[in-house]
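First comes one chain, alone, set out as structure tokens in the form predicted alone.
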Amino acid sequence: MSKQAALPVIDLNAGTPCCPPLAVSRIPAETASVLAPAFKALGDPVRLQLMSMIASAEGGEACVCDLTPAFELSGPTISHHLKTLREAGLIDGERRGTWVYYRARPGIMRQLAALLVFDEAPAVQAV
């Protein structure tokens, strides 16, 4: 029987942040390993643009038929980038006939955004 504690499950769809912002405290190793693939996926300029296009699309979803022409890349290359975003948990895709429609997953986007909050207000010292 192992004495090792089970790793806490991080709910990427939770409405509340998983942990305090990076500027407030150190991120737990378990949380870092869960969120790092999403940050890594967004580290590519094409994927960052795709994510922006999908997240800001009217109606909350974007058809691959509208995403592909926005880039000077082949369809298979765009598909590869979308697959990377999907595997990182940032988007969901739904096939409708010939086309796939993509939707951002707001829970994980909120988690990532909460980590990056940086308050520049000076700390108030107790007297």
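The first residue of the sequence shown is number 1, and the count goes up from there. Owing to the predicted nature of the structure, the values given are computational and were not obtained by experimental measurement.
Below: the form predicted in complex with another copy of the chain, not depicted.
- Between another copy of the chain and the residues 78, 100, 42, 88, the one pair within 4.5 Å by heavy atoms in the predicted bound form involves 42.
- Contact annotation: residue 95 falls outside 4.5 Å of another copy of the chain in the predicted bound form, judged by heavy atom distances.
- Among residues of the shown chain, residue 62 is not one whose heavy atoms approach another copy of the chain to within 4.5 Å in the predicted bound form.
- Of the heavy atoms in residue 56, some are within 4.5 Å of another copy of the chain in the predicted bound form.
- Another copy of the chain in the predicted bound form is not approached by residue 82, whose heavy atoms all lie more than 4.5 angstroms from it.
- Counting a residue when any of its non-hydrogen atoms is within 4.5 Å of another copy of the chain in the predicted bound form, the hits in 87-114 run 106, 109, 110, 112, 113.
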